[in-house]
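Read the single chain below, which is given as structure tokens and is the form predicted on its own.
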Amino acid sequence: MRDLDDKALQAKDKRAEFGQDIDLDAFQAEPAPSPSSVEYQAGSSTLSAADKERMILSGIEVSGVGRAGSFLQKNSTVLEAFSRQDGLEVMPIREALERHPWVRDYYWKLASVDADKYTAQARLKLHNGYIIRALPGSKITYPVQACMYLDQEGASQHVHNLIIAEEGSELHIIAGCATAAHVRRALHIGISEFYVKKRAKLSFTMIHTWAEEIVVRPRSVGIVEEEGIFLNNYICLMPVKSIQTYPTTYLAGKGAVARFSNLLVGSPGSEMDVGGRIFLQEANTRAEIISRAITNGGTIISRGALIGEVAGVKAHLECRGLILKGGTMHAIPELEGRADGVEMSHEAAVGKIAQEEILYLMSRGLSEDEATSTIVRGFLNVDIPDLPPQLKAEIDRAVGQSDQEMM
């Protein structure tokens, strides 16, 4: 992996803090448990039926059926961490930092500790998090699941995750974050660092199932080497108080590819500032950011930035938003070319459902709500290429659940 230049690594986004500043002291953080070498396979048996039902909404199958491996963390405690397939490693990060010296070569090497107070909090008060690693040449055909779960009112959770697809490997991950049904107010801070080595393929699909007063601050950075492929899908269709995330990826090897897809629904009173940024640093790199956002009474900022640093790169950015039942929508696409011969484009649109579309479907026998629901599902049905059927099914399920909530 070639070194990133200091300027790129230290690049700060230009955004002010969206919405009201978050008082970290207003949330209670459990003490971090000591690293342990115990086995975790039986941990999920402690979950209640209600817990399992909430996790299913985020694509997490507690039974592990159809999963190559699993990581479950409840508050600050790891319930399970295991792999079912050769060539796959799944482990808690605190334990890994003590047992495996190589982990230090990746930990806080892409993300910056001093980026903001949330990254600092995650470093100083780390609860846990995971390492998911596909060894060189391994093809992990079934998805690996990772769940961060909160079941304490007013709690904060601080995690750090490392995802590593070694040279020539293939890895698919479902990352589900959720709160217990009785939890209304909590804080989640998550740091994620992604390493996609030469000719490796990584798809990472995050599905959030929060609650009306949950504050979420994910911070993630990735690097893709020569001919690597990184698919990063973010889905948040259920109520939440505030989300701010702006993942950054560096295409640092020739022929590297990154595709970001965001599906968002803003509920009444919610504030969502979601986007992505991709640096195209080598020849023949390709990037795409596709965002679909619906405000149902909330405020959404949908951002995207593509930075072409050398000739021979291609990139496209698409932001589309619907105002369904009030609220505010901002689409902010940014293109920056730094060399002759870059090819970059963008589309942005904010609007409402056309009345003639609703009337047409009603003429076919649907009620107004059914017609609106059909149009919304079609709007959120983004074709994400190269996903295995299991991941596509989880995305379809999340879209269907959000449709029921809105209507």
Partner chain sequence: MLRIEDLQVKIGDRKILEHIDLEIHPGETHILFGPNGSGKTSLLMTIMGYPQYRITGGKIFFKGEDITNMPVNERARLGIGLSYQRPPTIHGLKIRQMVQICGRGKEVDPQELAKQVNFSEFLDREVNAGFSGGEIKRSELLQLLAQDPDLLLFDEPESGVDLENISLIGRTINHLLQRDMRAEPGKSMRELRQERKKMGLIITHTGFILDYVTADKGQVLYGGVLTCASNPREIFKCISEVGYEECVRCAT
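Numbering follows the first chain given and starts at 1. This is a predicted model, so every value here is computed, not measured.
Keep in mind that the form predicted in complex with its partner chain is not shown, yet the notes after this line are about it.
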Since the chain is shown here on its own, which stretch among 54-62, 360-368, 22-30, 338-346 would lie within 4.5 Å of its partner chain in the predicted complex, judged by heavy atoms? 360-368
Answer option from R277, R199, R320, K74, heavy atom within 4.5 Å of its partner chain in the predicted complex: R320
Heavy atom of T374 within 4.5 Å of its partner chain in the predicted complex: yes
Quick one: is N381 in contact with its partner chain in the predicted complex, heavy atoms, 4.5 Å cut-off? yes
